[in-house]
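Taking the form predicted on its own, here's one chain by itself in structure tokens.
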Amino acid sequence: MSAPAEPGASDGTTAQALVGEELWAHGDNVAEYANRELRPVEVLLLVRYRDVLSGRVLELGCGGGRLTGYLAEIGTVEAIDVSPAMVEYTNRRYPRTRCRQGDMRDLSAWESGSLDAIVAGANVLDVLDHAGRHAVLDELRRLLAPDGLLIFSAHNAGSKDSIPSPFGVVKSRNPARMARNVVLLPRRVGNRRRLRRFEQVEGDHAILNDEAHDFSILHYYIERDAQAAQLAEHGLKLVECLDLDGAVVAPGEHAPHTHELHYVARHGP
């Protein structure tokens, strides 16, 4: 796939939004996402919240159905993804799930209070810019029934100092993978140089270029306590925050050992 166009727009669209739209709406990433591999924390969450997930569930950014297939075995699942290729594959692979093409910034097709749970795995909310994230959180609260759950993951700003450079991901114990990394190095360096100037570090979050998709995307990073406060702004109360192994990340912890955190939040007091 070709590199995304140079970010920049006169209508206020952010660089983060532009590069994300180019990658997800126009790219074909099915091969990368068409698997059923779960992280330990995801297994734990599927088991722990099985009762709620047995109701009506909406999955945001279903990709190739990595989580979708498991959710469909538990409850009634609808899903949305911006990629036509992903939607076609997921509907064919998991016929019990209704996956539609669409942008998670427009969830008007679902009625207020109609969902028992919303699942947003693989850090999908992090493709949104700051304003977009806040707008979507408002919508997710609207869609959730009283005591409904939002289960999602997000890049951890507490680990931002460990984001590698393009040169830092070249070495591998697998000779074939290392050879591939060498071939991809010029592309990765070019993407990094092109997008680095659009990075932002704010008081409670950061927009950073990381190694995902050969350094061709910008992601939203936030720490545990800032995420809890952000959720509260939108009427969502943090139930728990876990690292990739399922260990609890307590208030005040930065968790630099994990690049993503998994959250469960409840609609209601």
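Numbering starts at 1 and follows the sequence shown. Being a predicted model, the structure only gives us computed values, none of them experimental.
One more form of this protein should be noted, the form predicted together with a small molecule, which is absent from this view; the next part is about it.
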Checklist entry - If we take heavy atoms and a 4.5 Å cut-off, which stretch out of 240-248, 58-66, 225-233, 200-208 is in contact with the small molecule in the predicted bound form? => result 58-66
Next on the checklist: Check residue 104 for me: does it contact the small molecule in the predicted bound form (non-hydrogen atoms, 4.5 angstroms)?
Outcome noted: yes
Next on the checklist: How about residue 86 - does it come within 4.5 Å of the small molecule in the predicted bound form, if we only consider non-hydrogen atoms?
Outcome noted: yes
Checklist entry - Does at least one non-hydrogen atom of residue 49 fall within 4.5 angstroms of the small molecule in the predicted bound form? => result no
Item to check | 4.5 angstroms heavy atom contact with the small molecule in the predicted bound form for residue 137 | outcome: no
Next on the checklist: Looking at 157, 71, 117, 127 here, can you tell me which has any non-hydrogen atom within 4.5 angstroms of the small molecule in the predicted bound form?
Outcome noted: 127
Item to check | in the predicted bound form, the one of 184, 82, 145, 163 near the small molecule [non-hydrogen atom within 4.5 angstroms] | outcome: 82
